[in-house]
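To begin, one chain is listed below as structure tokens, in the form predicted on its own.
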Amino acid sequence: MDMKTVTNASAAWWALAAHYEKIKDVHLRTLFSEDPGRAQRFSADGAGLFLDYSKNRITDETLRLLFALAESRGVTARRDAMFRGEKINNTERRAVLHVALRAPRDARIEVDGTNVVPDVHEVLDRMAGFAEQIRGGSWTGHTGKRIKTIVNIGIGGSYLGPEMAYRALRPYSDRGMSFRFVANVDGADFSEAVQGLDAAETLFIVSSKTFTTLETMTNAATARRWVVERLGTDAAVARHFVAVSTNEAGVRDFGIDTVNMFGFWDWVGGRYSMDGAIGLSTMVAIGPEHFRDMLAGFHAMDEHFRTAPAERNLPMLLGLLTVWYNNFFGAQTLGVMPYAAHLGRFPAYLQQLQMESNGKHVDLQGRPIGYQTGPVIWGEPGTDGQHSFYQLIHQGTKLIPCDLIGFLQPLSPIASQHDLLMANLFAQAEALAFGKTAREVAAGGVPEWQVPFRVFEGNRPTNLILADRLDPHTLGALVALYEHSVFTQGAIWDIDSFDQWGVELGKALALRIVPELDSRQDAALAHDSSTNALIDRYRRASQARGN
């Protein structure tokens, strides 16, 4: 990176920059050959997760300097302020207390002098009671039929969290029920979600804090019409819809009994809310007991992050390593590759968590930043990605650090395939780190002219995260691991990781454009020439199809 562009850099930052110049060309082959105890020393565990970070381009000195950077940036002080309920979301003057959503009943976490934990557990208890009614069949639809399908309507964290968690924990779910998820305002998303469903056996969970979110309420209105048309009365709405919201009047006007409204608080951002009321569909799917196991996993990682020293602190280590590659090596992306089919939506979930949190261009004082902040997060489950984009990671010109995630015990009874899956996980980490030299390639009898094409440079860094099995407790710990890694990064970059003003402008412009798309409109357009032309083209297409 061009260090001349970095503003408000501390001495620790400059020390890391100087260290980077010394270490940037050192190969992992060298680091391992010169340090036989490296794998044992550069590993840590907490909350049921094991992290092997030895295959990173770091030395003991690198870690010492990264910890000094964290200290100079006040990471632990900011962490402690978060746990105390201080209003560290600067631009919205709010506390940041997703950790309260999974705190035990006897905990005390205050916001403005009030312990919020009892309120959290009141909502969790109401969720549990409702989930048991659905799962046990005592809650029936308008015609008296048992509910067999839950459709979760939300967007952002109200969608990505519940969908990811359901897919991850499907082996623990009630197999007699089906769960579907609607987020996209494209009508095709809703149409596909309700394809083949019986309205009399379907319950919609509408998740919107304000009950005004455009995409969510558009889909909710469509769902309401779908139910009423099929069951013949507005009275059916009360038995086929529940709400996760704080807008009691809006929920009531929609036709939902406010007894079936589950609330949350402004000190929890949407992308941090899957372990609260937003997780209602998850609780219905896996049951209250498993849901509380998941909360226990979250809390275990919270306590690990809060109390473990930096050199053993998994979220802090992940966060600092992300800073190391992002800001000193110039790596602009981070690959997350879970070697577990059930975690197929985990990278998408982390995209919002990371990029909505740390995609910021000014610091806490509102000053423009002269350095890179949040990296692009992407990934797919292994082994799928190995036959797709791993080519670029192995032999391309871009440095792409990767987190590889695996589980020692299979969820499937086909155990022999789990051996193959894990062999691929370990092999990819090894291949990315050490590669294959021209001499090694030639020794295998490869024609000389083909050798350059089959060389693997290696020196591609990975973190390897292992757990015993993918269960509710582990999922909670894994999500919290990344939540606190994101926190660590944001504290280093001196940004507000808990607002998301960047989502507003496009939404506001869309509301302005919606009426302009009416083909009967002939008022002059006042956008740029490109947008005007696109709107005109859409109008003409609407006229052609008779709209």
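Throughout, we count residues from 1 along the sequence that is shown. Bear in mind the structure is a predicted one, so any value in this text is a computation, not a measurement.
Omitted here: the form predicted in complex with glucose-6-phosphate (G6Q). The next part is about that form.
In plain terms, the part of the chain that comes close to glucose-6-phosphate (G6Q) in the model of the complex, with a heavy atom within 4.5 Å, is 208-216 out of 363-371, 208-216, 413-421, 230-238. In the model of the complex, at least one heavy atom of residue 352 sits within 4.5 Å of glucose-6-phosphate (G6Q). glucose-6-phosphate (G6Q) is not drawn, but in the model of the complex it has no heavy atom within 4.5 Å of residue 510.
glucose-6-phosphate (G6Q) in the model of the complex is approached by residue 158, whose closest heavy atom lies within 4.5 angstroms of it. Although the partner is absent from this view, residue 39 stays clear of glucose-6-phosphate (G6Q) in the model of the complex, with no non-hydrogen atom inside 4.5 angstroms. This chain lacks the partner; the member of 62, 485, 500, 54 within 4.5 angstroms of glucose-6-phosphate (G6Q) in the model of the complex by a non-hydrogen atom is 500. Only one of the listed residues (375, 270, 85, 406) places a non-hydrogen atom within 4.5 angstroms of glucose-6-phosphate (G6Q) in the model of the complex, and that residue is 270.
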